[in-house]
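This document starts with one chain, in the form predicted on its own, laid out as structure tokens.
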Amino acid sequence: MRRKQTIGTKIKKLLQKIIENIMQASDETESEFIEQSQSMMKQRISQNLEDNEAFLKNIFDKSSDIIFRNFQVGKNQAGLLIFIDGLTNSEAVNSDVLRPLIQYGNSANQEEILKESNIKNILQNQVITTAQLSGGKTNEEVVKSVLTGDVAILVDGMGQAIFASMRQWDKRSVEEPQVEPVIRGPREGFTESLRTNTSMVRRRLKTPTLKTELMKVGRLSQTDVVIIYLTGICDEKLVDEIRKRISRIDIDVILDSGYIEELIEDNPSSVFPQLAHTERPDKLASSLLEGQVGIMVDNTPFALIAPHPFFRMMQAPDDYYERALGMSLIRLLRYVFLFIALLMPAVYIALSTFHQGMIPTELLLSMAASRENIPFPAFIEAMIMEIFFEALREAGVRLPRPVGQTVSIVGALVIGQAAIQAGIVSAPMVITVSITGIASFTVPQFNQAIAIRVLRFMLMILAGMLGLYGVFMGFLVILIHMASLRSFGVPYLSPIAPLELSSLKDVFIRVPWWAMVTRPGFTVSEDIKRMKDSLRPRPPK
């Protein structure tokens, strides 16, 4: 038996070695194949069209949407078109590229292309009628252009490629913003098409100082990213810093602007967002006019705005479309409800658990009567209600819209009433959590509201352990953390800390437009004035 076992173990070891050798050989073969492919991609385009066609068909193997169309220019001049069905306008390819090439080959000048040394110039200047043309000399340029929706044109003996821009694909039409509802103002939002988005900003800022720098990010996705800003208003150092941070991104794919946001912000471990996102072109245009920089990403309707301090998160585009006095009061109301959303549950826990003497006697007796049969302390009671409220809010977001709002509203009413009748939670706690939930909806920026919701739970824990001392200590830590944050070099609490008096006219209140003569000083470099000093309306004499 022992001998059989030793023979069996030897056979197993031998098989394992054979398998390891095979795997090692396959890995070496695969790595050699990858290296060969990469070296081939960087090589220049061959003058032999058959070699180019064989290489490209090998690269685009098992890709049914890649179209290879052979044609003839002249009697013995072969050509090849390559494009992707679904990303390219086929009608434009037929009318502006393929038909002129074939007609040129059948015309009286069909031998001219054979005699000319520069075939590319003849095709670009005399044959192809599309407006946007470019060229490339390497196989890698051909592959990238085809994958972005361009038409690659190869001709035997040319030794390089011509790229005709005829991109066209199905896209969502311009609609009203979904995340940032409009009360008064333009009712169009960004779409997933990058050029549609840049055109909407161009329509609002008809100036040559509006710059749109294109970058490619993502090894596999090759996503188009545009840095948009106004020269003369925006600080060039800020643009350089954003450009450097985006160029350092080395990732396989970029599917949304949220990828860019997390990879370029100053402090990614902070709960507070240091960039804003918007799907409203008017908001992006107004931010550019105040010296900020926009980052627009293809395939997403959300543009990023940098830098974006905390107090700008509390401003909504509608604040500037209505009268200053009314919107100033609404903005002050937002700040009041911001503190309610952050502190109210924690303060309730602290008062009802540690500091009952601070509660008026009649209110204290009412609270004690409502909590008489409640089996949980105030902290556990508040955590149960807050968690259920967050779950209902998440369910309302994820469900289909006609159903989601109904489920969230009805669910909150039914669960709240049932919890009170069952003696699980008290009525004052339901009121506290409900007011807190409503207050969190008043924050205009969604990612800022998420930060407030997270910090609310931390303050509730401190209140359950230390009472009001824990609440004050936690609030002080939050302020210290916010004061230490930077958004692309701009202090997060600007213009309050450090204090800038000239910029306070658009923080807690909004002064009338005729009084906002200058732009915020913490982002603007040169053109600080936005209007004349004498635009204040005066009554007729």
Partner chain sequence: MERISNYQLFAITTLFQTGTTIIFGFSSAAGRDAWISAILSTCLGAIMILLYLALMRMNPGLTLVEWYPRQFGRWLGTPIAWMYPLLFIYDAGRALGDLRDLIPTTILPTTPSGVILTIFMAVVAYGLFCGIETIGRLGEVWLPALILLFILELIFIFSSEITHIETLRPVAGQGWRKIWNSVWPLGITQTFGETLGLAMIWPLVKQPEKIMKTTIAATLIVGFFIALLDMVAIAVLGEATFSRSIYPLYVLIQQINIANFLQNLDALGVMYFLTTSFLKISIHLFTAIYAIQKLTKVENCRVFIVPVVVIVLYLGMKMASSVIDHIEAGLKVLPYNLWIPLFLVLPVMLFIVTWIRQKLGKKHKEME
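Keep in mind the model is a prediction, meaning the values are calculated, not measured. Positions refer to the first chain, counted from 1.
The discussion below concerns the form predicted in complex with the partner chain, not included here.
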property	result
The partner chain contact in the predicted bound form: W513, any heavy atom under 4.5 Å	no
Contact label in the predicted bound form: K57 to the partner chain, heavy atom within 4.5 Å	no
Contact label in the predicted bound form: R69 to the partner chain, heavy atom within 4.5 Å	no
Partner proximity in the predicted bound form: G86 to the partner chain, non-hydrogen atom cutoff 4.5 Å	no
Answer option from E362, E236, D250, E91, heavy atom within 4.5 Å of the partner chain in the predicted bound form	E362
I415, L466, I435, L147 - the one with a heavy atom within 4.5 Å of the partner chain in the predicted bound form	L466
Contact stretch among 134 to 142, 466 to 474, 295 to 303, 95 to 103 - heavy atom within 4.5 Å of the partner chain in the predicted bound form	466 to 474
Residues of stretch 472 to 488 in contact with the partner chain in the predicted bound form (4.5 Å, non-hydrogen atom)	F472, M473, L476, V477, L479, I480, H481, A483, S484, L485, R486
